[in-house]
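Below sits a lone chain in structure tokens, taken as the form predicted alone.
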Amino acid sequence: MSDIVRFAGHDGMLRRNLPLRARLLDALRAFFRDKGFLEVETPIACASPGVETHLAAFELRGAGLHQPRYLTTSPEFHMKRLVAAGFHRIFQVTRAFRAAEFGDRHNPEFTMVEWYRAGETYDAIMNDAEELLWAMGDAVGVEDAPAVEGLRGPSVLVPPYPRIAFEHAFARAGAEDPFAMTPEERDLALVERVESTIGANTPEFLIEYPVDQASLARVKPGDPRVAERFELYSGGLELANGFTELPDADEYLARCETDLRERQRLGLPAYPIDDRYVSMLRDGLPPCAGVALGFDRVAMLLLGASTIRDVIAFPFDVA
């Protein structure tokens, strides 16, 4: 323990939190086993880290690499290829990597939990997420996530959790109509005015994102303005991002081209599109839904930590 303390510099917090973190992981795996999910593993080194504008990947270099490889920013491409291959209820606990993401809520290397259900929409995944959060809280003896002075109040973990449409969340926060904003204006308003109001007293799902922020979500049937995408918040802390998956290869490629043009405009690296993922979409991805959950942030919430450094042994700067 002395080496951990010396390198991470959080003696008291780590002595308390690392055993509790392990208990959370045990509870998480038990939750998915009880629901009939198969635990899978997918590559850490991948051909494409995704092309969304906000992503910054670590590129691998060295002997034997004849094509670019990147540390994965998410296992989603490979996991959906497994869904297409017939594994219809899967989950994974993995490391993910995003460059330049430092701060109280960010570490460039972090633990991601991702799961998928075939034949379901994002409603089923939201049900999973709230049941999982409750089960993990129970595993560490927490019915209400503790308050953190100056950051967030206590959060009642008993499901079900409210679901609020994106435009209604903006109205509740006194912000302008998000559909009248540019994506840049909308992102700024979300961070500065809206996020802190989401999940104030209990975890809350932000749903029905504007279609230009669909990511890999399908457009909502009957309302082409929005996508079937959600994020789970508690006390303004974003915990998870999920959607009913987009199955259309042409639409996926069109979104990639839009993102790549924006990356070029901003002077960002142009990452390759995952050709194998596109081929899988053309062969046929069954209707499905999935989500990525930030395990370290959930640990922060349930253990009452003010910074991600209090729930991981070796933050990036001392790793």
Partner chain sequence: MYETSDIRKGLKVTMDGYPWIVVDFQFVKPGKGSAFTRCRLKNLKTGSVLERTFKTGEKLDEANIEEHRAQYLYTDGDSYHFMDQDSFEQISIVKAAMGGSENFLMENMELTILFYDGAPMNVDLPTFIVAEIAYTEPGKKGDTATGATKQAKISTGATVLVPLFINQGDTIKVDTRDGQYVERVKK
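As the structure is a prediction and not an experimental result, all values here were calculated from the model. Numbering follows the first chain given and starts at 1.
Omitted from view is the form predicted in complex with its partner chain, to which the following refers.
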Go through 241 to 249, 126 to 134, 197 to 205, 170 to 178 and give me the stretch that gets within 4.5 Å of its partner chain in the model of the complex, heavy atoms only. 241 to 249
Within 4.5 Å, heavy atoms only, which of D223, E109, D104, D138 is in contact with its partner chain in the model of the complex? D104
One residue of L190, V93, V83, L157 in contact with its partner chain, assessed in the model of the complex (non-hydrogen atom, 4.5 angstroms): L190
Within 4.5 Å of its partner chain in the model of the complex, do S48, R263 and D275 each have at least one heavy atom? no
Taking heavy atoms and a 4.5 Å cut-off, does E52 contact its partner chain in the model of the complex? yes
Contact label in the model of the complex: E120 to its partner chain, heavy atom within 4.5 Å: no
Examine E228 and determine whether its closest non-hydrogen atom to its partner chain in the model of the complex is within 4.5 angstroms. no
Close approach of E143 to its partner chain in the model of the complex, 4.5 Å, heavy atom: no
